[in-house]
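Single chain ahead, by itself, as structure tokens, in the form predicted on its own.
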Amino acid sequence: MRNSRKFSKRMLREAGQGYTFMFPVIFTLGLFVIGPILYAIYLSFNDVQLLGGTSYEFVGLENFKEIFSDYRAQVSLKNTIFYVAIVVPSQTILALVLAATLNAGLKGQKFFRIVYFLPTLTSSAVLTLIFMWMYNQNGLINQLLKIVGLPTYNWIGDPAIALKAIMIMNIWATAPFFMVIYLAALQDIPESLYEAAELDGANAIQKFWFITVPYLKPVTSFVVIMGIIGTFQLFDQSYIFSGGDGGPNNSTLTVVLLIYQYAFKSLGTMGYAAALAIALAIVIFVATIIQRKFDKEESLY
């Protein structure tokens, strides 16, 4: 009994020391992550006035019901889902192809690794401004299309093209980041597998399809989940492209941009903006769960 009491005191002392060391991290997470999340949940159930005197009025689920009747919310969700459906597979495939190409032992592969990775090191705001200059009606992209005899487009002002222009830019900018992850994973594939496949008469495409792709399945799952989370949160490129209004004709309006507009550009809609943010978090969570269900690969997590 006496030994048990001493052991308990020692455990309490060790636990206290542990929590003392962890206190800075717990405090930071609580203040900057958990606290804002709980406050956003609280706001989503209230009609909030934060300017000219703070006031809260509990409205229950009214903010969430309003989402279903808000035309702009439906347009932004449609644009965001379309964006995710195109960008995530495209950037994943491009990253895998780039990584496999650079891992093939070609001359100058270190130089091309640096060149390919440069877009990832550049600020997204700067990249967007550069692409807006290239997308100008008399810009570089249209001049190149003219040279090869293809039709030119109003990349920024045409509602049918504007979101696709942002997609192209983001695929080009984010694929190199995932390429680096694939490159690291490719180093772990045993060379003996490729040698055995060569003895069986497999060509380069067959080795890539039947060895490389299956072996990289956990990494692909990670890349897809990160891609889904990142693309659902598209904001800065859309904001800069449209000047903050989601135009032309709401074609570049995304859910996060709409949340920003309701939260900071409209009076008295902070609660509704919080409800949109909570709904977006639920959509991302569900999409991630569905992807993991399809994949069945959890070894990386």
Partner chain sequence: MKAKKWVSTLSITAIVFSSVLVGCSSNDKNSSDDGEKVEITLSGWGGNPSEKKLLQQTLDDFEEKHPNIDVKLDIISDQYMDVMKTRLIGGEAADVFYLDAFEAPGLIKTGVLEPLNEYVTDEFDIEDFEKPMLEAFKKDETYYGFPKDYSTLALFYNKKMFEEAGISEPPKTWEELRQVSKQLTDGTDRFGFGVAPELARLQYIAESDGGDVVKEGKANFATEPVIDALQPIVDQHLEDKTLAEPSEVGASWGGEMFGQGKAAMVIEGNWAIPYLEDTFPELEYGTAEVPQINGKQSTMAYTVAYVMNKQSEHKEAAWELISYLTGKEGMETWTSKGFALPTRKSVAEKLGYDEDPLRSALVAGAPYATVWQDSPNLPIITNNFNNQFISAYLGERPLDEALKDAQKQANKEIKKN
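Residue numbers count along the first chain shown, from 1. Here the structure is a predicted model, which is why all the values come from computation and not from measurement.
Note that the form predicted in complex with the partner chain isn't included here; everything after this is about it.
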Looking at heavy atoms inside 4.5 Å, which stretch does the partner chain contact in the predicted bound form, given the options 149-157, 181-189, 106-114, 163-171?
149-157
Non-hydrogen atom contact L61 with the partner chain in the predicted bound form at 4.5 angstroms:
no
Given that the partner is absent here, does Q233 sit within 4.5 Å of the partner chain in the predicted bound form, heavy atoms only?
no
Can you check whether F45 is within 4.5 Å of the partner chain in the predicted bound form, heavy atom basis?
no
Would Q206 show up as a contact with the partner chain in the predicted bound form if we use heavy atoms at 4.5 Å?
no
What are the residues of 254-289, in order along the chain, with a heavy atom within 4.5 Å of the partner chain in the predicted bound form?
Y260, Q261, Y262, F264, K265, S266, L267, T269, Y272
